[in-house]
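Okay, so here's just one chain, in structure tokens, the form predicted on its own.
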Amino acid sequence: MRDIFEAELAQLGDDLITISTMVHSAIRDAGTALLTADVERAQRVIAADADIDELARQADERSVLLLAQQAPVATDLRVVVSALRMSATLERMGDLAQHIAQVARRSYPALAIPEGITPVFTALQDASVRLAERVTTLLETRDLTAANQIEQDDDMIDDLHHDTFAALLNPRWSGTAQETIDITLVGRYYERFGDHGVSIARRVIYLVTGDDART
């Protein structure tokens, strides 16, 4: 019975890694679509979100079955409950990538982000892709170095998010109402994406060390 439980637990971990890999691809492609007005790429991200949702649902179902059939205690219980929460967090990260792709699609054939503020969003995109890649590495290895790097990436995303507000509040800002809305929304999507990455990092830290630094 224990062997079955261990195999199911390992599969649950693999499920999370698979979802995280898909989220990494989603944010990479969504940002590329945003910055290059690539509507076909945007559409692929939007369509692929259903696959992320389905895999997250399957992971949740596996977790619930483990709780119901195996009645895990102590460390094993923490792992299963954490997997449930991380699955939901990864699913939300996928949704945020989808939202960015939707902005790119809505603005096509124009760029959603005006040229003057493109460097800020390029930096936001780079930091978010890097964070997503580190989330996958963390789930694969539980190397807490990756967890600390995720926190640093999120700090950078927060600073860049503030820069988007500074650009909009600059008296020289001359963008349209739609551009103002898109910049505000997309900046917020990236900011929330980083926050969710930190949530996963802190949950893994908790699993590895027992230090409950989660938010």
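Numbers for residues come from their place in the sequence shown, where the first is 1. Owing to the predicted nature of the structure, the values given are computational and were not obtained by experimental measurement.
Although it is not shown, the form predicted in complex with another copy of the chain is what the next lines describe.
- Although the partner is absent here, Ala71 is a contact residue: one of its heavy atoms lies within 4.5 angstroms of another copy of the chain in the model of the complex.
- Leu67 belongs to the set of residues with a heavy atom inside 4.5 Å of another copy of the chain in the model of the complex.
- Tyr189 belongs to the set of residues with a heavy atom inside 4.5 Å of another copy of the chain in the model of the complex.
- Interface membership of His162, defined by any non-hydrogen atom within 4.5 Å of another copy of the chain in the model of the complex, is ruled out.
- Remark: of stretches 27 to 35, 176 to 184, 142 to 150, 42 to 50, the one touching another copy of the chain in the model of the complex is 176 to 184 (heavy atom within 4.5 Å).
- Shown here without another copy of the chain, the chain has Leu77, Val81, Leu84, Arg85, Ala88, Arg92 in 77 to 94 lying with a heavy atom within 4.5 Å of that partner in the model of the complex.
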